[in-house]
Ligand SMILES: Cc1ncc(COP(=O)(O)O)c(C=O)c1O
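Form predicted alone, single chain, as structure tokens, below.
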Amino acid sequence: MIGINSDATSVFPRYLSRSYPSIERGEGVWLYTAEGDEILDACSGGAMVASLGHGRDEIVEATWESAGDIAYMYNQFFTNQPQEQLAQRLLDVAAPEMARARFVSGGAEANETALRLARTYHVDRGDTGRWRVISPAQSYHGATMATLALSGRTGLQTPFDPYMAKHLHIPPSTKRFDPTGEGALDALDQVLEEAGPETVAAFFCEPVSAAALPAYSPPTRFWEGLAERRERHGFLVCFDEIVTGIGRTGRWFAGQGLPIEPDIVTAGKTLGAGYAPLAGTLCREHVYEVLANGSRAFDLGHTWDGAPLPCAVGLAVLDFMINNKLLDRVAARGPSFRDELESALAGCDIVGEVRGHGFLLGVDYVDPRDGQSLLPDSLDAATLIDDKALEQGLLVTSTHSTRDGFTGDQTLLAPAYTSKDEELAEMINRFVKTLEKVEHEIKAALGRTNQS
């Protein structure tokens, strides 16, 4: 597949040694390059954003209408009807357990807003010693310095760790290392004791993980234990639902199926569905009331916070989902999609586990020599999988986390909610062909390693 390399562009690319195909247009779940290649998108644009697919006229029209009414205004001085309507509709339809919403441009901004809100909450209560955050180490919450500090993955933080807050981390409660969740709770107790629970402002996590640990959620016991410790120690619980919010798992928010309610929750990706940059931070009434009865200010402002155009898009996205019953579609079709993928990969020796929540699926890889160990870090199987998938005309997103020590190579599939059954079947078909080629190369590489 022909692409543009760093020597042939004025753009500062993410990876200077990589060649990037140029996408000219999209239709539904299909992408078309400037050279005429056709790519089946099994990952909603590659970052789990284009959850409704491309070319949705209703959303495009809403964008144009809003732009025709007003181009921009800053929410320090004004509010606007799209922002007001989106906040009310989001709380009424998707998150009735929440009380207020603050809109920003993207997931990292929303998560940073959640951090600042948690800190302000404690300060307004007079509990100024609370600033630390605890989070699972195998996580991803954004690329700003504040959000990178929420992860315990040194592979992500180096060489920027001097700039980051020294937050606290616990090993993730995974099937491989902690199938009951008790290990993570023990680690949480130890961290609380060592830091002093009076210094902890929040526990920050994804109810269902995405990029760092695709489609994984700790067992029920962990969530029950987290709720108990919140009650005992007084910290807040923040759910990062940038990926999973707004329908990805078959619920409006993935955390709505757990035995714990977060105090603060973030949403993004699907909220704008790729038609505008949009994310949000929501909080429960007791969090809002502390600020309302305290400083009466939450002085945080990004240029595009609550701007009318992206909020109009958010309204159109919610309407499109409701009118087309997409939440029901994801909830009903997601389990069988996972089962079909698992069945199709049953003969693949490098596949250790297939996980799924709605239209968020994760594939975990193992060393075929024993069927249990992680693949060697030197193979970088994740990059190989993504490259081979593109050769098959398929877009997936894989992560190479072996160097972080908590998990290995994994692939995330997150198709648009509008994907037709035949398109889902074709995604599986192309992915199986991809892994057949990848497995052949991995076995050959491992064979050479054994011989040496």
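For every residue, the number given is its place in the sequence shown, counted from 1. Note that the structure is predicted; figures quoted are calculated from it, not measured.
From this point on, the text means the form predicted in complex with the ligand, which you will not see here.
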query	finding
Residues 206, 240 and 269 all lining the ligand in the model of the complex, heavy atom within 4.5 Å	yes
Which of 351-359, 82-90, 187-195, 242-250 lines the interface with the ligand in the model of the complex (heavy atom within 4.5 Å)	242-250
Exercise: residue 48 in contact with the ligand in the model of the complex, heavy atom 4.5 Å	yes
Residue 173 within 4.5 Å of the ligand in the model of the complex, heavy atoms	no
Residue 107 within 4.5 Å of the ligand in the model of the complex, heavy atoms	yes
Residue 274: touches the ligand in the model of the complex, heavy atom cutoff 4.5 angstroms	no
Heavy atom within 4.5 Å of the ligand in the model of the complex - residue from 152, 334, 142, 308	142
